[in-house]
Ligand code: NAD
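Single chain ahead, written as structure tokens, the form predicted alone.
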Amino acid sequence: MTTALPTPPAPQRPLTGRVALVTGSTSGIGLAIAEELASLGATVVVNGSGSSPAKIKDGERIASSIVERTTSKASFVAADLKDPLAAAKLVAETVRRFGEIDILVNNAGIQHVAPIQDFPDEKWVEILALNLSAAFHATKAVIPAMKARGWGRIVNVASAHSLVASPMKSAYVSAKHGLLGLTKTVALEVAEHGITVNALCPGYVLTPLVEKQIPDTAKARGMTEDEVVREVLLKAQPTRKFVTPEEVAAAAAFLCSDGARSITGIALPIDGGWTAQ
């Protein structure tokens, strides 16, 4: 007679027990990061700007899909982070639902492409509000509790454009350069509290944000859309390949790990060699 051996317990995933808030995470890089963190055991709050019933339903569907694929908890919270008060409200709602925030990923962003003399003033205001100020407000809101617990991870999704410039993108490049400065400053302020603050600097990723700027860039430069992809976007990257959202997500997950506890205040290029030139 043989005795069945007990089934060993499943290994605990490295982010089990952590709560992650990922802004701008209903598509593209943000969604890939939310899915990756959830796959590692984190409870994830998905965020999008739309507050209409249809947008909320879509956000809830995305959160449910993450739960099904990863078995981690996930929830959707709508917040238009161009509103300076919205980030603090988003943080408060996340804490109300899940008790704390261990990981903050500032990813929400928009883009507009035009020469500076034609650049709409309202687009300048919107891009700086969402791509830079929202990260400031969200970071300010989570830091006190992270300090009290002695642990935290803040990952700012910057861009290769936080390190170099391109024409026709005055607001975006300014915001991303500012986001890198914010990253370094906060990293120094919280370095003794078990909190790391880092910036991911991806090159061109074929996300909805990039796809939408291709026609605008073609118009601004007098090129075809195929020429924009070949001669503007991928020409910048020596690999001649788009970066994938999953590659950015893997880097974000590493920065959230215990193995990255001594990495803080950095700009991590994921750009196919763009900024090495």
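Just count from 1 along the sequence shown to find any residue number. Because the structure is predicted, anything quoted here is derived from the model rather than measured.
The same protein also exists as the form predicted together with this ligand; that form is not shown, yet it is the one meant from here on.
Of the candidates 53, 222, 208, 215, 208 is the one whose heavy atoms come within 4.5 Å of this ligand in the model of the complex; the others do not. With the partner omitted here, the residue from 182, 141, 110, 168 that has a non-hydrogen atom within 4.5 angstroms of this ligand in the model of the complex is 110. At the 4.5 Å threshold, heavy atoms of residue 199 stay clear of this ligand in the model of the complex, well away from it. This ligand in the model of the complex is not approached by residue 94, whose heavy atoms all lie more than 4.5 angstroms from it. Contact check for residue 137: every heavy atom lies farther than 4.5 Å from this ligand in the model of the complex. In the model of the complex, residue 189 stays away from this ligand, with no heavy atom inside 4.5 Å. Between 223-231, 37-45, 65-73, 24-32, the stretch whose residues reach within 4.5 angstroms of this ligand in the model of the complex through a non-hydrogen atom is 24-32. Highlighted residues 105, 154 and 174: none comes within 4.5 Å of this ligand in the model of the complex, counting any heavy atom.
Within 4.5 angstroms of this ligand in the model of the complex, the stretch 249-277 places no non-hydrogen atom at all.
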